[in-house]
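A single chain, nothing else alongside it, follows as structure tokens in the form predicted on its own.
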């Protein structure tokens, strides 16, 4: 009987669940599809309402995972099959080729410096606001801090040629580049599974009236997050085309509480994310005129209402209204909205518009549901056994949910949910270990 757990997803929920289970003395397989653990939290600069550094909270936990003797970290890997094996599970994990030997890679970056496509590939970690090479680490604090070749962009992987030589391989003094690598299949046996695959940001292009993808100065809240981050493409300066905006408009509930997109639920984090961004805009550009268009402000958490009041006291203007259109007039953007307090249309000019996008299920959510035999709730996230009495359990015995895979949450709620999933997993593992010992004792008695 295995006394191991399989955690699918290496964001803050998966990290917390894995650490708690491993600290209880059980082995954990932590599977993450990206080259590094960290998830969406690694893209954040500050966390509300205390404005703590996100990396200062997350990075120590990432390092703890990498050093924990009872956690086996499988990054750049995906679970492709799960079968029930009595009261346990047998999973097949596909380890994708990095084309880099992680036992040799020192993380020096000489390969990326030499890459012919350096500075030409959209950096997904920076939400497309920066550029990277075809060989990369997602961010400076990545765990593991090992380079990975992007197989969809590298000209040698896609075409079999890279000029006269493979420049990254020549530049690597550690001789870590290995284009002969193939994918591997690993079999994992576990007594419990924790699904922690997280969320995706809403695709703002699905709201064409807001001008995202049409006007370069209409960006999403995730892109603003990377602009305001010291590790971002502008070193923390809020710049578009090299200029600081003097008028900034924030639009809330983009992709949430919206019948046109089918996302009827509240994403729970957007109000406070916008408040945080409005504060950062005023902090970094003191003279900026900042306007927030909102439907309802939901400041439900500890310290949230006080932070909302603080932001308004700093000079941020909150205007209640639904934005119907964003268009360009001369050098300015115009935000057209209905002021729902006075029942009249309004127009506000802006140099930059930030869309407060909601949280939606990842494309992998349905795949995970299929693998584990789970169901989706009406919002598309994975369904728990009971929303109040069993919020981390599922209809499948031994499978638990952690974090935003079950529904939108902020970081504190995600961590609390992950710890609850870990507790349920530990109870199951201990029970099965005890039962197995009792069975073995019975066998010894019968055979003496």
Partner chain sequence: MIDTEALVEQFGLTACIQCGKCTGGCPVSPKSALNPRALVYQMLRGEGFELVSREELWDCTTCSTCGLRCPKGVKAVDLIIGLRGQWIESGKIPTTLRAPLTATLNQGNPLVLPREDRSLWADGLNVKNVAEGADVAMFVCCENAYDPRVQPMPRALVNLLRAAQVDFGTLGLEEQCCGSEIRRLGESGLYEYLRDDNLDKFRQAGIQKMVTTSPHCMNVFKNEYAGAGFTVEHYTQMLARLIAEGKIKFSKRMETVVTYQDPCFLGKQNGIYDEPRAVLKSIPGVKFVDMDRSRERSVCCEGGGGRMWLEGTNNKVRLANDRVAQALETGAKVLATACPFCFLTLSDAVIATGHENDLRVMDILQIANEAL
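The structure displayed is predicted, hence computed values, not measured ones. Numbering follows the first chain given and starts at 1.
Here the subject shifts to the form predicted in complex with its partner chain, a form of this protein not shown in this document.
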Quiz item: Okay, which stretch from 125-133, 93-101, 163-171, 318-326 lines its partner chain in the predicted complex, with non-hydrogen atoms inside 4.5 Å?
Solution: 318-326
Exercise. Report yes if all three of 8, 76 and 81 come within 4.5 Å of its partner chain in the predicted complex by some heavy atom, otherwise no.
Key: no
Practice problem: Scan 113, 175, 209, 246 and let me know which has any heavy atom within 4.5 Å of its partner chain in the predicted complex. | Solution: 209
Exercise. Counting non-hydrogen atoms within 4.5 angstroms of its partner chain in the predicted complex, say which of 152, 241, 260, 180 makes the cut.
Key: 260
Exercise. Answer with yes or no whether residue 295 is in contact with its partner chain in the predicted complex, where contact means some heavy atom within 4.5 Å.
Key: yes
Quiz item: Can you check whether residue 120 is within 4.5 Å of its partner chain in the predicted complex, heavy atom basis?
Solution: no
Quiz item: Going by a heavy atom distance of 4.5 Å, is residue 310 a contact of its partner chain in the predicted complex?
Solution: no
Quiz item: Does the 4.5 Å heavy atom contact test between residue 214 and its partner chain in the predicted complex come out positive?
Solution: yes
